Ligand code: AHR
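Take a look at this single chain, the form predicted alone, given in structure tokens.
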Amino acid sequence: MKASIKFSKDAVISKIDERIYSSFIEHLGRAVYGGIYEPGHPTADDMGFRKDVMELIAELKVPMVRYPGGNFVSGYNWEDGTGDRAKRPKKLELAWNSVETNEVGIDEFQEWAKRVGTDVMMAVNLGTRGPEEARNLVEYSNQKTDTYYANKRRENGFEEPFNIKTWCLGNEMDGDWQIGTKRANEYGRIACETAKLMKMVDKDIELVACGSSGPFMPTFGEWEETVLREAYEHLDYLSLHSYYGNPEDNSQEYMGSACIMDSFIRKVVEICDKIKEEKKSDKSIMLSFDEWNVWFHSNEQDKEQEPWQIAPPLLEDMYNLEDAIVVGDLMITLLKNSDRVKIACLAQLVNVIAPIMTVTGGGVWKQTIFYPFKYTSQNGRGTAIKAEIEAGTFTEGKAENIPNVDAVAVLSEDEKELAVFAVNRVIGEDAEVELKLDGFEGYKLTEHVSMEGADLKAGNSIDEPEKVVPVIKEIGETLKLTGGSWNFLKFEK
């Protein structure tokens, strides 16, 4: 297969907001307890956080982590996770049929974030609670005033504010699985009034409103329009959530997942701009794709879990090579839309549909999806450059007219490096690529890394942690993208 990829220096998409490489930790399964937090573990620090996990998160360069949910947040009282741990209540956690010990709450999590070198993206409960509790949490987290909740923080041992700047107004509020499900007008009103109060407490925060829970929802479209009409003036971002998978075991069809994501993003942008025009506003609503990943492997095993356990092993997808290729391709799509997608959260970070897995009391290992996220996050900082691509298309199952090859480039801020991220979606057919760099004279290819292999179903485990790892390709006169592969190419000046 022949393909042509051209990058022109003036074909700028946008400066990339580094928060596009964010992630997510929910009080779900072993994400917190046994994941980031395990007192008594050989690597645990003075607060009980696993340092071996911290080291792998540092490799991913995650700038922000969404917390504490997710479905969990819609039934959560944030006060339960503050103050004296000995006095914190154990509660039935209805979203995931578990017991929440509240050993970790905002007090501990914000400290963990500092130690990891990341920021907190905090979600507020708009399921069972509302504006009053949200504004109190903003005061507790961000204010220096001599007032009740700011003083509560001080009493709990934190003199300085947490300075959390990005906040989610609830989670997936149109989902019938959600605690406190809302109709669009109900959510639009409570989101508007909550936003007003939160910004009265701290005018510098940014707010993310819930979009519909995914493009499959019967509410999709109408929900977004209604919510934006109600709360547009107080919002900064609208959220998107979507997960991808291969439940029918059609790998070629699965390789079209990124095109579904791209179509979803474009539809939401159209809706946001429609309401902007209606409102005659000067402000564009940006997008926060704050839940995205591959998720389908663990669905059956999760049905077998007994209820009311503490940190049961839930949503522990074991990823394989084809999942890594798809995740890398989804990241290409996020970068291609970086003019509007400013925040994106890989859901999640540890143990729960995650790139990092732990053994309770034991070791830690990298899933296959760790690698495309790592290479993109480490090298995809700067300005996104659009690709002009000439290649064929394929149709397989529900995937119609999918481009065989896709790519995006990122020019570093000092313009000394050009990172190219490219995917060959056609399994078993290599692509011989003519790569043209217009305006990038003097740049030389110095590194080519690929996620590829003969067995698309191969994955890693604690016993075989390096069964699937990136392949370092030899740099030759011609550029070849292996059939069914995700690729990172570094050009240096």
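Treat the numbers as computed from the prediction; the structure is a model and nothing was measured. Don't overthink the numbering: it's just position in the shown sequence, from 1.
Although it is not shown, the form predicted in complex with the ligand is what the next lines describe.
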>> Does the ligand, in the predicted complex, lie within 4.5 angstroms of each residue among 96, 315 and 353, using heavy atoms as the measure?
In response: yes
> Pick from 154-162, 319-327, 254-262, 236-244: which stretch has non-hydrogen atoms within 4.5 Å of the ligand in the predicted complex?
Replying inline: 236-244
> Of the options 291, 406, 230, 174, which one has a non-hydrogen atom that comes within 4.5 Å of the ligand in the predicted complex?
Replying inline: 291
> Which residue among 376, 368, 194, 348 has a heavy atom within 4.5 angstroms of the ligand in the predicted complex?
Replying inline: 348
> If you check in the predicted complex, is residue 32 within 4.5 Å of the ligand, heavy atoms only?
Replying inline: no
> Does at least one non-hydrogen atom of residue 26 fall within 4.5 angstroms of the ligand in the predicted complex?
Replying inline: yes
>> Please tell me whether any heavy atom belonging to residue 295 falls inside 4.5 Å of a heavy atom of the ligand, as the geometry stands in the predicted complex.
In response: yes
>> Using a 4.5 angstroms cut-off on non-hydrogen atoms, would residue 71 count as touching the ligand in the predicted complex?
In response: yes
